[in-house]
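Structure 1 and structure 2 below are the same protein chain in two forms, each given by itself as structure tokens.
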Structure 1
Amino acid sequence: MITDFIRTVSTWAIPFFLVAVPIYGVFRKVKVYESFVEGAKGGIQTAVRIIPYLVAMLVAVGMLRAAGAIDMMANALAPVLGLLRFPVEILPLAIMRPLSGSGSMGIVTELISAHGPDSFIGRLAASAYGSTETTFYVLAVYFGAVGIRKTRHAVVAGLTADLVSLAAAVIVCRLAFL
């Protein structure tokens, strides 16, 4: 019920927005076409401004992945985390998630097909993937758009959130699916 409602809202949100905003604008005597074009101009500058930041970040992440670093880190951490009864199958996903969206999507899909979509690991992987974003990508794009080079505490706060989402996913999935 609630799920269907939220789905409907998601489906209609953008079309509603596309028509409601100009109608409200006309109602408030705004020259909507002229306003739109004026605002849209900014799109090009913003997109171009993030290029150097995005290149720096994606190159470093791409190199790490190609070097096989993700699996090596997972293998190094597995014995320690295994002692804590952490499901080590999802370790490569946990390491990849903040670094690369497409990379972690590939790992989730693999985990789901290897363990089955209704298995504990499959559901845990899906929950862990969905409960956080690609932190380093967001960092590069958002700060890049306004030329921020000194990121202060953002990296630590973002990675803390990633760790907590992983731990929470493990705990909640244990409670829900085991």
Structure 2
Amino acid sequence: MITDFIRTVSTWAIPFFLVAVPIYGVFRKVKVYESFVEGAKGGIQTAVRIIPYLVAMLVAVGMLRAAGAIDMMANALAPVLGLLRFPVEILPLAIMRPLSGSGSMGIVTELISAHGPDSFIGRLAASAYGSTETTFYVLAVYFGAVGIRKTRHAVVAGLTADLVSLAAAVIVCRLAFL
């Protein structure tokens, strides 16, 4: 019953908002189309401003993966992670996720292909992917869009949140699936 309700809401949510927002704007006497065009112009200007930051981030991630640095770090940390009961197979995902969404999705895909979607590793990979963030990508895009050069505590706070989310994913998956 709840599944049917969620399926119905998810099917109709976007079409509802695509119709409701312009209607609401008309009732509020907002020039809906002109406002939309102004927002689109602002979006294009923002995209142009952040392109250098995106290119730099994607090149750095590509270099790390191609050089094998992520696999080397995973191998070096394997003994410590074994003591913490952290599956070593997930470490490349944990390293890549703060850097790149598409790179980490590739790792999740590889893990699920190798271990299966219903395996502990497959479920943990999906949970870790969904509960963590692309911290450096987000900082590069959002801080770059507004011209902030000094990130101060944002990097530490973002990586701490990623670490806590990853630990929570491991704990919850161990409780739920083992």
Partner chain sequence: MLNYIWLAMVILAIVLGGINGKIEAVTTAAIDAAAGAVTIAIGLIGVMALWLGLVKIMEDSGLMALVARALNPVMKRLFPDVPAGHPAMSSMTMNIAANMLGLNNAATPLGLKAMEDLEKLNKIPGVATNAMCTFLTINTGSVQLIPATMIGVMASAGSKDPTAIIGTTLAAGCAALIAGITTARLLEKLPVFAAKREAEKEAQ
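Numbers given to residues start at 1 and step along the sequence of structure 1. Here the structure is a predicted model, which means the values were calculated and not measured. Rigid core here is just the name for the largest C-alpha set that superposes within 1.5 Å across the two forms.
- The first of the two standalone chains is derived from the form predicted in complex with the partner chain.
- Looking at Lys41, Ile148, Glu133, Arg85, the entry at the hinge of the rigid-part motion between the two structures is Lys41, while the rest lie more than 12 positions from any hinge.
- The smaller of the two rigid parts turns by 7° against the larger between the two structures, as judged from C-alpha superpositions.
- The rigid core superposition between the two structures gives a CA shift for Ser10 of 4.6 Å.
- Once the core of the two forms is superposed, the Cα of Val32 has moved 2.9 Å between the two structures.
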